[in-house]
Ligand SMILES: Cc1cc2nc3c(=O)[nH]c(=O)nc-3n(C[C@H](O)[C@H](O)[C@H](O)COP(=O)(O)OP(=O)(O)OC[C@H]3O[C@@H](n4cnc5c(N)ncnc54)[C@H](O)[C@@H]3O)c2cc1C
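We begin with a single chain expressed as structure tokens, specifically the form predicted on its own.
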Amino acid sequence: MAALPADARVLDLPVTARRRSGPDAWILELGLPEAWPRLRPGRFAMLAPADGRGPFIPRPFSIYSQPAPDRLDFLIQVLGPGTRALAALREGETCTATVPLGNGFEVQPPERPVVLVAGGVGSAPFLLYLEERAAAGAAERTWFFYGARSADRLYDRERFEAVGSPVRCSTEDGSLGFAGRVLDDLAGALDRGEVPEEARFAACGPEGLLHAFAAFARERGLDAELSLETYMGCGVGVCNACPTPTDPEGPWGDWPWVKTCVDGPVMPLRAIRF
């Protein structure tokens, strides 16, 4: 199957900026030693504080933004000791990063409509996707459905809205936008013809959302892909901690399992049993 990306490397990178996002997340900007080409949306990095203050095993994070050729942003929600250690890094301190890893989204040609679906920090791989589509003149043919428990967990919402694509927010407590779950809003939009069923659909978010989206997409016959939120130990295909079962009838059917870190994290729904 897939091999470690040829452009991946291990680097100690300085924190060049940090800012809070919502009640429990931070955006860290890391400086690169040189200018990099634009990275594909959906690729990721394994991150850990360089001074060893965090857990031994790094944590995987989608590349959130590439604000300059020599800068990368990461959206980090504080959930445990690993993310807490990363969020505590200050400007000038150093983060060890194995980056860029994985296979990202195949950004669709401008003429094809795209629908992106995210829950909470599952928005992380989609800012780059929206920016790529906007740069290609396809902002109006790209819809972003963004759901969360409450308005304050629609992380960095204004930055997504500034790209220029239609952004549809939903909150389970009704504090902003559609009152309910993001898939209910998507179902209503499809039923009313507000988004086209022939679009490419992509989703990222907590496991419950991804399973619900997979069932929804199969029921509706949608062309869909997922960015899987899978636990990883190494990110480079060595530890076998992130297996995903394949669909025997899909393009990977000769292999019962694939590794999310090197074959994904973005995978066609038709290729996996999820």
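Source: prediction; values computed, not measured. So that there is no doubt, residue numbering starts at 1 and follows the sequence shown.
There is also a form predicted together with this ligand; it is not shown, and the following applies to it.
With this ligand left out of view, the stretch that reaches within 4.5 Å of it through heavy atoms in the predicted bound form is, among 117-125, 91-99, 144-152, 174-182, 117-125. Within 4.5 Å of some heavy atom of this ligand in the predicted bound form lies at least one heavy atom of residue 62. Heavy atoms of residue 29 never reach within 4.5 Å of this ligand in the predicted bound form, leaving it off the interface. Shown alone here, residue 77 lies within 4.5 Å of this ligand in the predicted bound form, counting heavy atoms only. Residue contact check for residue 217: none of its heavy atoms lie within 4.5 Å of this ligand in the predicted bound form. With contact defined as any non-hydrogen atom lying within 4.5 angstroms of this ligand in the predicted bound form, the contacting residues in 222-260 are 228, 229, 230, 231, 232, given in sequence order.
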